[in-house]
Structure formats: C-alpha cells, structure tokens
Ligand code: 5GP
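Shown next as structure tokens: one chain only, the form predicted on its own.
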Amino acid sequence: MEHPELTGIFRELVDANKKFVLTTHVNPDGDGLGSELALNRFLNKLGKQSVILNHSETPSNHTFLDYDNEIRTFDPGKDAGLILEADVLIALDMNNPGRLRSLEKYFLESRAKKVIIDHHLEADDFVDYQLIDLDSPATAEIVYRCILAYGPHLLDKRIAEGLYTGIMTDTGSFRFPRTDGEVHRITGHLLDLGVDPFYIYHNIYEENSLGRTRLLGEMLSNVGLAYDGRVSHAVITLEQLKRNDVVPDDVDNFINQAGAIAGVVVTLFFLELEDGVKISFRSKGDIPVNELAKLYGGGGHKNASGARLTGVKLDETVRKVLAETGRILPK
C-alpha cells in the first residue's frame, strides 16, 4: 500500500540532516536487523553519518548479514554521545521505548528528531514522527517503499539483502496472512537486485548447532495440549538452555514447531530466563493473541505477539497464562 505522506516525511528527514543513529528492539529479529542494515547502507550511500546501536548482541544465525560489522552493541561509556549528539534517531520494528532497554534513557533525553518505522499496533507517544503502516507485513517493506520513493537507483544488492531478510522472516517465509501479491512483487524486485534466497534462508534456518537441534527435540517431546486440543503449549527451562549450550535468542522459532499440530489454533511458548519468563503467542484466523499479550505488558500483532515478565516463577506463569487463554478462544 502506497503512503506518500510517510515517504515524504522520510525524504525531508534524510535531506535536512547529517548524523543518524539507528536501533531496534531488545532480542532483535530478522525484520529489525534487516531493516536497520538496509537503512544504514542507504544513508551511508548518500554520504550521511549513520551508525547502528543495539542493546542486544546480534543472534548467531543473523551475523552473516553484518559482513561489514555495521552493528555495535551499545556501550553507554563509548556510545551515549552518539545518541545525544545525533540529528535523527530512528527506532525500527518497535513502538515502545522500554524495548530499547539500555538505550532508552539516552534516546529519550536526546534533542535529536525521533522517529519510529514500524508495523505494529498501539504505538507509544515518545517520538516526533511515526512512520507506521499497519498493513505492511514487515518493517522492511516500509523501509523499501521509503528508499524506492527517494530514489530507485539507490537500491542495490547490499540494501536488498537486509530488506529481503526482514520480509522473509516476518512473513514466516511467505506463509502468514498478510503475504499478498504485492509482497511477492517487492521480493521479486529484491531478487532481481541479486539477493540469493537460498543463502538467506539457509543461514537463518539451516545452520543450527547440535545443542539447538537436541533442545528442539526435547521441547517437542513435551508439548502439551489444552482446551480440547485447540491450544498447544511448550516450555524451555533455563537448565535446558545451559545443558545444551543454547542462548535464548536461538529458540525464537521453536514456537512454530509447537503449533504445527492438527486442530491447534493458539500456541503458547514459555522460555525461562535468568530474571523471569518470556512468553510468545501465536494464533490462526481471527483469534487476537495480542489481547492476551497485553494482559502481561506485551503486545504485537493479532496473530503473533509476545511479553516478557520479570521476577516471576515459570510454573506459576504457565498455569496463569493457560487459564487466561480461554478468554480469547471462540465459544
């Protein structure tokens, strides 16, 4: 969907400013990382001073994208000045300042123009410009449209790789509901620019460690069903992560495996962390799991949402969320 008002604001911000800082949410995914890499490469191509600062380290299955080491893990002692002295701060694939974690204080204190580029519901009011398209299946699609409107000749293979990664991962490899003909026309253009779809998919989904593969097997052997088989739920404990030498970022797609069961319309995934529990929610059809996520301070899309709770017990959290899930199921 065309949004000339968004692309117009984007052009004005780019033309009128020199120093940019880009970031994305804690525990970044392919859409956040791909979008910021694509935008950073575009800005550098224009001769702008642009840097990527993230709270979290890049997950191991996405490091191949950052072949020029453009992404820096934020260090307040070294990097706070970059945020405070920037002309423009752009947060991609997120709409809540709390998801910036260690960058939040400096982001909010900076006198720079603040921007979010995003496709999620219910954005917080903490920026000057909201470049949001709720109909886009990925933030990377919005970034693509902004760059395309600015100058089609500026798109190249390096930029296209980030955009393709963002769109592919946030559409569930082109199978989620908002994957329409326009998505495929855009990705077709990116492929024409030289993107290798096998290379991207293989590095993200087919370069697993033995420990991750074994952990997936453990999880699947213990998937539970509730509400007459309409809800599946899976749990990974801190002990399992440590025993298999797996980090939390490496299990983000496990929820899709736990939901691939006939009759299941809602899937819940619980990941125990050092300081609490991360919950992922998925649904099929018109079931709004984002409403369930909001009960726990989270959010996201109607069919894909998440929440992160601190200072809670795993078993108690599983029981509580399962009990609440009945509220959103069709009668």
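The first residue of the shown sequence is 1; numbering continues from there. Since the structure is predicted, the reported quantities are computational estimates derived from the model, not experimental observations.
Omitted here: the form predicted in complex with this ligand. The next part is about that form.
Not displayed here, this ligand is kept clear of residue 212 by more than 4.5 Å at the level of heavy atoms in the model of the complex.
Shown alone here, residue 301 lies within 4.5 Å of this ligand in the model of the complex, counting heavy atoms only. When contacts are judged by a 4.5 Å heavy atom cut-off, residue 307 counts as touching this ligand in the model of the complex. In the model of the complex, residue 41 stays away from this ligand, with no heavy atom inside 4.5 Å. Contact with this ligand in the model of the complex, judged by any heavy atom within 4.5 Å, is made by just one of 179, 240, 96, 187: 96.
With the partner omitted from this view, the residue of 120, 158, 114, 145 that lies near this ligand in the model of the complex is 120 [heavy atom within 4.5 Å].
Looking at 277-285, 32-40, 54-62, 258-266, the stretch with residues near this ligand in the model of the complex, meaning non-hydrogen atoms within 4.5 angstroms, turns out to be 277-285.
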